[in-house]
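Same chain, two versions here, written out as structure tokens and called structure 1 and structure 2.
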Structure 1
Amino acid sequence: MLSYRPGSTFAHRLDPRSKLLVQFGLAIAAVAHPTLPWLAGTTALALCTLAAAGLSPLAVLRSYRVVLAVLALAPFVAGVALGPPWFRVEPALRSALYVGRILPVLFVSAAYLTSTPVRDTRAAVQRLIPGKPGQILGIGMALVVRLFPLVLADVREVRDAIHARGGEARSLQDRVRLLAVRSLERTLDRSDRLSVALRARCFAWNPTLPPLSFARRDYPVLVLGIALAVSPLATV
């Protein structure tokens, strides 16, 4: 799966806020118009973002192969008819065009993922959303990223314990109930311990924000992001 890779490409050196804007802008632009020229344009732009992140399009396609394989079924589902001629080409082509719009979104999203550490996105969220909501979401993201592997290990441990005690022979409801109850218990116990730990460390509304700053190279990227986000309005 795609994840952050340290590097010094153009995309790595950009501020996460300008990258977020381009990512959302391109997603809006790609989804807004299901036409071939629009699809070609957004795909070309998305390929440029991949180049800026030093990422191969093939690597992205390989990484999202399950997503793409499932999406590729949509044109077949759209084309199937319950009577003669049994398969209609026009709705299948329309669906293929719609699904094609997703490709540039996956590309730009992959460029963002591989060039931006999670802590930078957390810092961007904390700065973009003012006040206490921003603090809660920023610190919350950092804690979720830290605790997710532990909670996942808990859930897998519970699942393996149920399996080791002959859980396969139990009904589906029993297995799911046991897994949910034990996992939830462990999760809530962790929450209680985290709560005590945060209070013991004087958890405050005014912590030091992670440093972020725009450089000269960010400004054209910001303009591009805004232009992409409003591009559907320009073509109405």
Structure 2
Amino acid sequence: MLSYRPGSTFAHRLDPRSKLLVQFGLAIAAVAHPTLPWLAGTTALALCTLAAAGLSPLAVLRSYRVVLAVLALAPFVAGVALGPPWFRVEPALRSALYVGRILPVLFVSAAYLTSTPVRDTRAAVQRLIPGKPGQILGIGMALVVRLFPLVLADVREVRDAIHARGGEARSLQDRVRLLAVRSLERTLDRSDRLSVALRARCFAWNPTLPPLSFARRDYPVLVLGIALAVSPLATV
């Protein structure tokens, strides 16, 4: 599972606000331009972000293997027809192009997650969105980034426990039901423990966040993020 890893790469030294802007801009550009040249360009840019964060594309693909496996079904489903010729190539290719736009977004997200501490993310969000909305969004993002890997680990533990107790002999429906129920129980239990821990540690809506400041290396990244975000306007 992708999470923050301390390091000294170029991505680690960037201000989180500039990284968020590039992530936001690339997502807009990828969705707004469903063409093969734009897909190639955004994918190349996403690969550059992985290199800047010191990540291997293959390692990222392995981390997202479940998501990619689900996405890979979309072109097949889009191409299936209920009559001759039974499978249509053109809808399948069009669906594959649409699905392909998600890959660079996943790459950029992986680069951000591994190069940005959770506290810096919260600080960036609360500075970009002032007031209570920014505080709520910042806290929400921080909790999701911290808890999501733990929830996935709980699901894997439940799955392994089911297999260790002869779960393969059960029907698929029973296994899915057990996995869903036990995983939900663990998630609710973890959320209860989190609530108690927040109260015990005197949770504050507006704590002292780490200072953020732009450096020279951030300005080209900011320009890139803005250019990507406004790129749909150039085609209007």
Partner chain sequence: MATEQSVDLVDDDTVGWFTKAVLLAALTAALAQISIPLPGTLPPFSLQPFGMFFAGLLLGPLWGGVALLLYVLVGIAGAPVFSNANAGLGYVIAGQGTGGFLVGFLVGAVVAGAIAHRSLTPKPVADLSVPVQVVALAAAVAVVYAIGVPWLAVVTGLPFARAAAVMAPYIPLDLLKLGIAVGVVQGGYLAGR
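Only a predicted model underlies this, so the values are computations on that prediction, with no experimental measurement involved. Here, rigid core means the biggest group of C-alpha atoms that superpose within 1.5 Å across both forms. Counting starts at 1 with the first residue of structure 1 and goes up one by one along its sequence.
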- Could you let me know which number goes with the form predicted on its own? 2
- Return yes or no for Val89: a CA shift of at least 2 Å between the two structures, with the rigid core superposed? no
- Message: Given a core-based superposition, decide whether the C-alpha of Asp154 shifts by 2 Å or more between the two structures.
- Response: yes
- Query: Core-aligned, is the CA shift for Ser195 between the two structures 2 angstroms or more?
  - Reply: yes
- Angstrom shift of the Cα atom of Ile139 between the two structures (superposition on rigid core): 5.1
